[in-house]
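Quick heads-up: it's one chain on its own, the form predicted alone, in structure tokens.
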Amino acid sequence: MAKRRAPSEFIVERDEYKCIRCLACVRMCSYEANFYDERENMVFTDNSKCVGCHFCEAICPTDAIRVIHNPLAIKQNAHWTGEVVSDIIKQAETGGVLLASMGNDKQHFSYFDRIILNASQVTNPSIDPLREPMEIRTFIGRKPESVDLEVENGSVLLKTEITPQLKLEVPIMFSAMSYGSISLNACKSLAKAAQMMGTFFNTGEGGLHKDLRQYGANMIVQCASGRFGVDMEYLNAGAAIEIKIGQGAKPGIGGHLPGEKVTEPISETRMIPVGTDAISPAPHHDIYSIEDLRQLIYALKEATRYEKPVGVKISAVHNVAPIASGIVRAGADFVVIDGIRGGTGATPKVIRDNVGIPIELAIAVVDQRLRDEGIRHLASIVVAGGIRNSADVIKAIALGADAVYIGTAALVSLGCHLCQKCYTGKCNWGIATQDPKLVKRLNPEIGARRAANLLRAWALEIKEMLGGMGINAIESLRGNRDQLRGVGLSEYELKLLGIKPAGEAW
């Protein structure tokens, strides 16, 4: 019987007139999709190996290459789509779990696109951010319910003791991406960009490479179920600690870094033998209740002399609001919520596409639950999962977030082309790889400048949008859902989001 193969996702078109046979595309493709036939003096492509990273297209000196998406020659069917049929063919060939990278790419989960912002008009004049002060600085951590002030010698002094806070010059941080899932040069790029912009990057669950310790003042260290690289020195190296319970791309399951990626530097950083699989269990084996979580939170605070805020990261799931409430009552200084569009280096495709809820709904219900219980001031809310631009940032904050994490957007600023093959470790752009030859393709100085430029551009746009709303401080927007309206949403969706339909007045 004839075997049915999964069709190629991409086609590499080569203009033979322009091609000068420099063989750069052959040498530089880590997936070995391009090859040279010396007898015919021709360069050919095995399209089945092309992942659509566009690296050969970018480096071709004569613009002879074009990578295009393959319009799958599968009969159109609204239910049995080309993607569904292709996945079945792949599993029939391999008998294995289909892996995926980056975030959920299903269109129906994007609520940000159905939310629009308000603008000032006559009775509430807008503010010009170029000529008037505009405050986008925010602080992450537990706040007192009220503050006592005292005037002494003409100066106003704060008498209330404030717990440790993270000061963000922009309400955007770089999400948890571990050394191992991304290259050291990618980590350095984000770390330096965070330092340049007065914000923070997150180490992820892979421990801390010695070259990153210099960025401790702008670093959040993560404590996950595998406890990779976690010791007293690690916990005290950063400005804050984050306990990772779950993430948006794979709620309810653990992580896995294959042994072939555990090189000597990663072995040293993660404190595991070279070549062994790094398995992060689905649960923390010392956390089976809110009481257990509270014990870990205060153990970490004790280990760092109560000098650093401690947060907890969870996936956005159906009962996220009561879970977040329990986390705040357990003593967390901030809660991180990662939605269904959250990215990752590797996850089962079926989990990425079908488990969790959109971050927009999670923000609104968590913020409202904490307000209803009178504990909103006890913890900040940081959200992640598909934040694409400054408008998404503004909408997330208006829904109730204090700040956002960005992961995929940050990697795109470094050169990522969203080919969604991070789990192979062959990233041609030097980002999601540990191959020494590929890692060199990402210059951390250039990467840091590009990531910082992204935050700088978003900061300018945030100020413009705030000014257009007649608001001069980001703190005044947090949870201010009157500034939002929904388009094409059901009555119940509007209720969950806590916003009115477009056209309805104040």
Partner chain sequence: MVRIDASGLHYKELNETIRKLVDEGEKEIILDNVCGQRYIGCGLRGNDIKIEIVGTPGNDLAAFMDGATIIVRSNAQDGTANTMNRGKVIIHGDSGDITGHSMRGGRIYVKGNAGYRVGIHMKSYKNNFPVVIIGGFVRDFLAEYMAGGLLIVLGLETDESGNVVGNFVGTGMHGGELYIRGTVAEHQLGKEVKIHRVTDEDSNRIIPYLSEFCDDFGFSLDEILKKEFVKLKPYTHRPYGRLYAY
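No experiment lies behind these values; they were computed from the predicted model shown. Residue numbers count along the first chain shown, from 1.
Here the subject shifts to the form predicted in complex with its partner chain, a form of this protein not shown in this document.
* Asked: Which listed residue (113, 105, 435, 277) meets the criterion of a heavy atom within 4.5 Å of its partner chain in the predicted bound form?
  -> Looking at 113, 105, 435, 277 one by one, just 277 meets the 4.5 Å heavy-atom criterion.
* Of the residues 121, 94, 354, 77, which one places a heavy atom within 4.5 Å of its partner chain in the predicted bound form? -> Selected option: 94.
* To do: May I ask whether 454, 475 and 506 all come within 4.5 angstroms of its partner chain in the predicted bound form, judged by heavy atoms?
  => No, none of 454, 475 and 506 comes within 4.5 Å of its partner chain in the predicted bound form.
* To do: Just one of 94 to 102, 371 to 379, 172 to 180, 121 to 129 has residues with a heavy atom within 4.5 Å of its partner chain in the predicted bound form, so point it out.
  => Single hit among the candidates: 94 to 102.
* Asked: Contact between residue 138 and its partner chain in the predicted bound form at 4.5 Å, heavy atoms?
  -> Heavy-atom contact with its partner chain at 4.5 Å: absent for residue 138.
* Using heavy atoms and a 4.5 Å limit, would one call residue 259 a contact residue for its partner chain in the predicted bound form? -> Answer yes; at least one heavy atom of residue 259 falls within 4.5 Å of its partner chain in the predicted bound form.
* Asked: Looking in the predicted bound form, any heavy atom of residue 71 within 4.5 Å of its partner chain?
  -> Residue-level check for residue 71: no, no contact with its partner chain.
* With the partner left out of view, is residue 213 within 4.5 angstroms of its partner chain in the predicted bound form by any non-hydrogen atom? -> Residue 213: no, not in contact with its partner chain in the predicted bound form.
* Could you run down 285 to 313 and flag each residue that has a heavy atom within 4.5 Å of its partner chain in the predicted bound form? => The stretch touches the partner through 285, 286, 288, 294, 295, 296, 298, 299, 300, 302, 303, 305, 306.
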